[in-house]
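Next up: a single chain in structure tokens, the form predicted on its own.
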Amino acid sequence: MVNPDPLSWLAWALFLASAPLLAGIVNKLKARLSGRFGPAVFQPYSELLRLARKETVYSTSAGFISRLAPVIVWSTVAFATLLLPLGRPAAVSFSGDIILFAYLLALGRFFQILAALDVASSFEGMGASREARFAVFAEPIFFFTIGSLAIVTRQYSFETILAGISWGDPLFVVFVSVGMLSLFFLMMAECSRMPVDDPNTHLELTMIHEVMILDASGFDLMLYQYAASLKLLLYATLAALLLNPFGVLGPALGLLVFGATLVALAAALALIETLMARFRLVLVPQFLLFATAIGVLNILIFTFSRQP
């Protein structure tokens, strides 16, 4: 169901506009933790603007997929954000929208993999293979984590699931804590962050996401980078919304807690990327399976807590 409330659509527009800011905060915190001053938090905006002004160059081997994929990748992530209640009722909401959310992101990944294969580059094909392989382990994390909350609340849309979370129920406190940890691991995997992938590396043999867009340039590269920033904010927001700050605390105080949670997640991500090296590729599936096990733990907690 499409929500006609203009404030819901305004919240969505502000969400899109603020996506690069979270990436800028992470980069700034990483620099400060490393003893450097680092770039300004608004630097990602300048980078996106610079790329948008550049000419887009295509490989002689590239077909129409390479031209279509950047738009689809950005559009699928942007549409997925419509399903989240961003302090207001979600712009688009219906029973089962959690399934649409997952497969919108999967559709974007599919076209990005196709675009990497379309340029006939061995390096980009290697990155596409890794992306497809790790996606098999990453998607169950989302379904077990959000699915467990759907089982508990007996609701199947983000808006109603999150509205059913209460701080006064000890069971929900456990579910939210475990769910936030699981989504944080998922964010590191889906957004190509350490220790799964290094977003700043330029060594093709070890890259996953970045190697798939080596042939992208200009406006297409801007869309890929913007979609990556948007996805980072998307997962961080989903983790923060598990606290149901707007429903429990009201609009003003809820917005403060929501913003503080996003900054705390950015700080945790910056700390991990400062202190840890990326995993060897053979260890990434084990890391993702551990995050899946955390989601399964939620279902087990609910099952045994309801035993007579």
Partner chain sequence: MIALFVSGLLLHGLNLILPAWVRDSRRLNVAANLLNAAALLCGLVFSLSALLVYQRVEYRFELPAAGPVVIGFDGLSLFFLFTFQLLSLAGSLYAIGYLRHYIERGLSLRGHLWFFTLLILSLQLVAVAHNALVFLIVWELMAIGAYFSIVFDKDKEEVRRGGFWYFVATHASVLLLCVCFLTLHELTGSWNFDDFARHAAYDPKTLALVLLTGFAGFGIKAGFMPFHVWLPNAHPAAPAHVSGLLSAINIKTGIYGIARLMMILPALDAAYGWGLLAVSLISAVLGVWYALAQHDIKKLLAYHSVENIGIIGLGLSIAWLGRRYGLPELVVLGFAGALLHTLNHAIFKGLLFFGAGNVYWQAHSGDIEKMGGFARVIPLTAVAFLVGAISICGLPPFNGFVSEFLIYKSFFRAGDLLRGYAPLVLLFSAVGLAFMGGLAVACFTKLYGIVFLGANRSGAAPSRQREPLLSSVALLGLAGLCAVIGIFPQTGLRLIAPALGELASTAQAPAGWASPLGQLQMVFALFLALVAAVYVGKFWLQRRAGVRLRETWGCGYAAVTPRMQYTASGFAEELVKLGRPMLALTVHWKPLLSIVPIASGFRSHCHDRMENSWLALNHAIGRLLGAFRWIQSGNIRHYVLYTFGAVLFYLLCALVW
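Predicted, not measured: the structure shown is a model, and the values here were computed from it. Positions refer to the first chain, counted from 1.
If you look for the form predicted in complex with its partner chain, you will not find it shown, but the lines that follow are about it.
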query	finding
Answer option from Phe258, Tyr58, Tyr45, Phe279, heavy atom within 4.5 Å of its partner chain in the predicted complex	Tyr58
Of Ser192, Ser121, Thr237, Ser229, the one that lies within 4.5 Å of its partner chain in the predicted complex (heavy atoms)	Ser121
Any non-hydrogen atom of Asp197 within 4.5 angstroms of its partner chain in the predicted complex	no
Contact test in the predicted complex: Arg53 vs its partner chain, heavy atoms, 4.5 Å	yes
Close approach of Ile294 to its partner chain in the predicted complex, 4.5 Å, heavy atom	no
Distance check, Ser75 to its partner chain in the predicted complex, heavy atom within 4.5 Å	yes
All of Trp9, Ile65 and Gly147 with a heavy atom within 4.5 Å of its partner chain in the predicted complex	yes
Option from 183 to 191, 229 to 237, 164 to 172, 104 to 112 whose residues, in the predicted complex, bring a heavy atom within 4.5 Å of its partner chain	104 to 112
Partner contacts in the predicted complex for 112 to 148 (non-hydrogen atom within 4.5 angstroms of its partner chain)	Ile113, Leu114, Leu117, Asp118, Val119, Ala120, Ser121, Ser122, Phe123, Gly125, Met126, Ala128, Ser129, Ala132, Arg133, Val136, Phe137, Glu139, Pro140, Phe143, Phe144, Gly147, Ser148
